[in-house]
Structure formats: structure tokens, C-alpha cells
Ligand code: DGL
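Form predicted on its own, single chain, as C-alpha cells, below.
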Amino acid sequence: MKNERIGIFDSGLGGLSILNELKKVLPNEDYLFYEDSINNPYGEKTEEELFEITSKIVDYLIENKCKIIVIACNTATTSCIKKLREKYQNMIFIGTVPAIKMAYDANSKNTLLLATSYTIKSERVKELLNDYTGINQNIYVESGKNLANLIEEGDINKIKTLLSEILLPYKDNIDSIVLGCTHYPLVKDLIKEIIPNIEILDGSFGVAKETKHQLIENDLLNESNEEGKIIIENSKSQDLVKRSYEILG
């Protein structure tokens, strides 16, 4: 029997932004989303620690009949995807990287990349910035600091305070924001409150499209007409699982 689910993992509830797009593009697929909140934030781990953590999650997803694995985390992607592909050569991995190319394609002239410090320092992001920063496009780079943690905690006031501190200096200088962490799309509305006319870009739709492409290419697409089922698990707390189902709707 073929493995039947799409496996997704993130350091917490941020991967819900990816799962939401996957549901739209692939409504008939079954999903297992593993939130690794106990190890959040990934950005504070070493590369060796992250590879050990993500390998254990991949083992678990494979054991639970996942046919393809989406790394719904920019930090884990930039740090581990190459090694994971080498270790699990029979598994298809879809990664998540900041949507810098999307900003370029949209002809944004002044873009702010908001991401974790780990992602900003990664070689992959350096390559993307080198490829897509040009004469007609300026890209500012800013760390989201503790934003992902605050989103996990759900403290709206603290989130607003931090977003204001980060974004207000750029308010009159940018026309788009690239959200380089899967947690950040969960607070799009709060970002819009601070900079109302900004274009907000993230890579969720691109990840969903690539997942569908890989399923078709590898003859793994679920041909059923029934709506797929979603299982969410959290390494830290069942209460967090309940919250994620509520956010997902």
C-alpha cells in the first residue's frame, strides 16, 4: 500500500500558513502536521542540533505513512534540507525559503525582508539576495527578533509593540515586505495596521504549487474526490494542538 499522507513540520504553529495553502491547492490530500513546539525556536539551535531534531521528526513522519515531506520552516530548510535529502534518498522534500524572487517578479522597488537571524545569515538567503538585488530593486534586511516566540505565546499586545518597533522606521521607504518565517503570515493583519498600503509576500503558495508538482511527477497524487483529513500533533502540549485547529478553522 502506498504511503498516503503529506507530512509537514515546523518549530511550532507557523507551519499553519503553509498547511492552509496546501489545503487550497490539494484539498483531497490527507495531512499530518507536526508542530515541534518543545524545540522552538529553531533559530537558537546549532546546525548539528537542528539536523538531529529534524531527522527524528522525519523518521516519525515516515513511520506514519507520509509520502512527501514539507519543511514548513525557513530556518530548518536553509540549515537541513540538503543533509536530509542525502540521508533519506527515497523521500521527497519540499523546502521553504523567503519569497525574494516573488518580490523581484512583482517589480517591487523597495522591499523589506523580515526573517529570523538564522535565516538571514544562511548561505541560501545570501544567494537569493545576490541574485535579485539590482539597480531597480533595493532590499532591506531586518531580523524579526523574538516575533516567532511571541506568536507562539499569542500575546497580541507584545506582538504589536515589537512589530511597531521593527516596521515603523521603514513605513515611508518600502512598498513590499517579504515574510521570511512561516510564523509571520499569521500576523498579517497586525502588519497591515502599521503599514496599511504595503504588499505582503510569503512563499506559502509557491510551496503548495511545488508540492502538487512533485506529487504529479512522482505519481503520488491522491485521485480521490473526498476532502482530505488533517491530523495535527504537537511535541509540547495537546492544548497547542487545539489552538492550531482553531486557527486553521
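Here the structure is a predicted model, which is why all the values come from computation and not from measurement. Sequential numbering from 1, following the sequence displayed.
Beyond what is shown, the protein has a form predicted together with the named molecule; the following relates to that form.
> Scan Leu112, Ile100, Ala148, Cys80 and let me know which has any heavy atom within 4.5 Å of the named molecule in the predicted bound form.
Only one listed residue qualifies here, and that residue is Ala148.
> Identify whether the named molecule in the predicted bound form is within 4.5 Å of every residue in the set Cys66, Ile94 and Thr211, based on non-hydrogen atoms.
Heavy-atom distance to the named molecule in the predicted bound form: none of the three under 4.5 Å.
> In the predicted bound form, which of the stretches 58-66, 195-203, 216-224, 34-42 has residues with heavy atoms within 4.5 Å of the named molecule?
Correct option: 34-42.
> Is Ser122 close enough to touch the named molecule in the predicted bound form, meaning at least one heavy atom pair within 4.5 Å?
No - in the predicted bound form, heavy atoms of Ser122 and the named molecule never come within 4.5 Å of each other.
> Is there a non-hydrogen atom of Ser108 within 4.5 angstroms of a non-hydrogen atom of the named molecule in the predicted bound form?
No.
> Decide whether Val70 counts as a contact residue for the named molecule in the predicted bound form under a heavy atom distance cut-off of 4.5 Å.
Close contact is absent here: in the predicted bound form, Val70 is far from the named molecule, nothing within 4.5 Å, heavy atoms only.
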